[in-house]
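Okay, here we've got a single chain as structure tokens, the form predicted on its own, with questions on binding and movement later.
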Amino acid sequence: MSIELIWAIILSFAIFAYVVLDGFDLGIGINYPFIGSKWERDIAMNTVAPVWDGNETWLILGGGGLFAAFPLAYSVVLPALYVPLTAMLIGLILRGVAFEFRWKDKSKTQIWDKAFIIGSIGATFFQGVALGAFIQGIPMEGRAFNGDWWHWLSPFSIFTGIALVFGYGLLGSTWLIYKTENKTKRHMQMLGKRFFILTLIMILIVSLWTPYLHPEYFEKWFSYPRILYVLPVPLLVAISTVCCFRALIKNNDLQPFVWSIILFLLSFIGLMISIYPNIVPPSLDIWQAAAPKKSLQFLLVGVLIFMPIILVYTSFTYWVFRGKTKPDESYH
């Protein structure tokens, strides 16, 4: 296996870790408008209070890793997605400020709650828009982005933005099913079923839409014999869908969250199948965009030291704060 491919796998792992970990705590903000009482909102926020800022470590690793290992891809993707990525960062900042100020400035709790909702939905929507714009392809001339500031704006990118809001809503509600009890848990079970149905519809539409964005995508999914290699992905999605639905119907605690993550993982694998070996679709592949081999080898030493440390402290944090969040517990 080439070192360029190893770096592509490392970056894919970092991006997926961010999607899942920050996805469910952004999902709590997406569920917030449907949580009426302050008491329930306090519990919901306390379920992620010890971990939410640590979850965003993976965003830094993914962005920094792209800059260091694939500088050409970084220089092409960033100008193409300046607008949605800037909007996403503004949403994350607004959400982070609201998260902290809500507990310190109790006279303005409702204002900070609204800021938390707007920041969470905005950050998620523009993250999905950036993803959609990336999948539909970034035009290049030579070694540079060849488009305007609004190239990212399209029906497909807007749709993927909405789809991600529903998807993170599912992760957030299933997380709260796992972490809460009694009235809050029952409320989340109801919301989780609705977000599950909406997410499923969105996965289906995006899956049918994506192959028609580029002939290469269509060939990977529908030409023979390639279809035999990719067929397990939709089959596993169908099985995971049934399992997630059963877990929601049976009011299981942890299983809906686990199956929701598996649905995200399979969707992520489907995306990787569509764009591989390109790192900037439709024309810039991993090897063309990579830094010199000696640089990749040097950087890999650092990743092999620090990634296990991140995994250990992240796992330890989740272990320490495992189990149900009690109403009388507070982390602020």
Partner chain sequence: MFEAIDLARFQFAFVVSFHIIFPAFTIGLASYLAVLEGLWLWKKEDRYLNIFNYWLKIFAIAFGMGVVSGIVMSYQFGTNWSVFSDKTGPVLGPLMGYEVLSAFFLEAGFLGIMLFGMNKVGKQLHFFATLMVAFGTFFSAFWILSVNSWMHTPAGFSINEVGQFVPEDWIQIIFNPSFPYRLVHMLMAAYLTTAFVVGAVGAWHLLKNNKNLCARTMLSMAMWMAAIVAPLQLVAGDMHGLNTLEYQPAKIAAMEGHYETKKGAPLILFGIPDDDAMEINSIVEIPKLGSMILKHDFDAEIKGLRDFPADEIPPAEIIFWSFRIMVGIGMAMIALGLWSLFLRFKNLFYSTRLFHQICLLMGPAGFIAVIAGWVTTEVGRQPFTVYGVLRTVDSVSPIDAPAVATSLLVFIVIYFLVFGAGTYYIFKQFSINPEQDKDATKKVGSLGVSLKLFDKA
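Residue numbers count along the first chain shown, from 1. Keep in mind that this is a model prediction, so the values were computed, not measured.
What follows is about the form predicted together with its partner chain, which we do not show.
Enquirer: Within 4.5 Å, heavy atoms only, one stretch in 276-284, 28-36, 298-306, 262-270 touches its partner chain in the model of the complex. Which?
Expert: Among the candidates, contact is made by 298-306.
Enquirer: Let me know the one among Val258, Cys243, Leu89, Leu198 whose heavy atoms come within 4.5 Å of its partner chain in the model of the complex, would you?
Expert: Going through each option in turn, the one that passes is Leu89.
Enquirer: In the model of the complex, which of the listed residues (Ile227, Ile205, Val97, Ile158) lies with a heavy atom within 4.5 Å of its partner chain?
Expert: Result of the distance check: Val97.
Enquirer: Does its partner chain come within 4.5 Å of a heavy atom in each of Pro50, Phe67 and Leu78 in the model of the complex?
Expert: Yes, each of Pro50, Phe67 and Leu78 comes within 4.5 Å of its partner chain in the model of the complex.
Enquirer: So, Val320 and its partner chain: in the model of the complex, are they within 4.5 Å at any heavy atom pair?
Expert: Contact with its partner chain, yes.
Enquirer: Does at least one non-hydrogen atom of Phe145 fall within 4.5 angstroms of its partner chain in the model of the complex?
Expert: Heavy-atom contact with its partner chain at 4.5 Å: present for Phe145.
Enquirer: Classify Ile118 as contacting or not contacting its partner chain in the model of the complex by the rule of any non-hydrogen atom within 4.5 angstroms, answering yes or no.
Expert: Judged by the heavy-atom cut-off of 4.5 Å, Ile118 is well away from its partner chain in the model of the complex.
Enquirer: Does the 4.5 Å heavy atom contact test between Lys108 and its partner chain in the model of the complex come out positive?
Expert: Although its partner chain is absent here, Lys108 would touch it in the model of the complex, with heavy atoms inside 4.5 Å.
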